[in-house]
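Quick heads-up: it's one chain on its own, the form predicted alone, in structure tokens.
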């Protein structure tokens, strides 16, 4: 029977009862539904990982700048200050998340995971683990099916679009997906993956979409860094046995309700939040003048 992708808690329960991972359950289901082999699907996911890695490499170029000039170079600065400011792998997670997002702002090729505005969070979570040999490419590719399944559930039950649900629907969803992926990669149970996703999403509940000058740059790029940091936090909490008091599916429903309650000024219209600040208005006017 095909999976419905309308409940992440149900996917976790089914995987738990089968004594397998969520990713294994989803991979088998997708192979059946798409009438292809699991090996072919894994190869496609590994190709997506290659795109993520190439985007991170491009984004780490210290000379990279977006056409607007608003973003670029932040990832390189974080990577360069890694040992002085934040030793260990955490800074690398931040740098990669920034790099992929800055690559997107500079019109580079990325994987929308689940959207372009939140494209740095999943790579920021996974690529540093590949780089230091913590996980293999096959393990990373498999775990991404868990993240993809959660993204499908959120898209089916709520939204992954900033224009509909605010940035909680983009960076919030991506952070929850990354938390579930990290939890699985670090040996967590399916139930712990669901708790991690719930914790990550509820920590970003209510996050608005307020792009300065209507561009996916400010504050979007930095929110990718905070999104991966949030995912790391949620995964560690879940792996330590901390559970979300509110089940994952109910957190998703709450996100949908919050998104519907948000005024349109806070949903990608660039009419509220940071976009409406004095400096935000100045930047918009400056960019419009340059375009003329």
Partner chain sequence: MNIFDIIGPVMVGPSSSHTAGACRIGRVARSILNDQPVRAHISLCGSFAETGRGHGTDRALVAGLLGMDSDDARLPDALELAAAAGLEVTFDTRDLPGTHPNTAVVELEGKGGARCAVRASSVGGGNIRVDEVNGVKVSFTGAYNTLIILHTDEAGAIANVSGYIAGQGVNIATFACDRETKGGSSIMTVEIDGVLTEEQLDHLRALPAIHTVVQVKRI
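Remember, it's a predicted structure, so these values are computed and weren't measured experimentally. Residue numbers count along the first chain shown, from 1.
As for the form predicted in complex with the partner chain, it is not shown, yet the points below apply to it.
Proximity to the partner chain in the model of the complex, taken as a non-hydrogen atom within 4.5 angstroms, holds for one residue of 114, 72, 128, 162, which is 114. Just one of 56, 225, 255, 26 comes within 4.5 Å of the partner chain in the model of the complex, counting any heavy atom, and that one is 26. For the three residues 121, 171 and 241, a heavy atom within 4.5 Å of the partner chain turns up in the model of the complex in no case.
From the list 40-48, 257-265, 230-238, 244-252, the contact stretch for the partner chain in the model of the complex under a 4.5 Å heavy atom rule is 40-48. For the chain shown alone, residue 81 is not a contact residue for the partner chain in the model of the complex, no non-hydrogen atom being within 4.5 angstroms. Residue contact check for residue 137: none of its heavy atoms lie within 4.5 Å of the partner chain in the model of the complex.
Residue 288 belongs to the set of residues with a heavy atom inside 4.5 Å of the partner chain in the model of the complex. Contact check for residue 109: a non-hydrogen atom falls within 4.5 Å of the partner chain in the model of the complex. If you take 144-161 and check each residue for a heavy atom within 4.5 Å of the partner chain in the model of the complex, you get 144, 145, 148, 149, 151, 152, 155, 156, 160, in sequence order.
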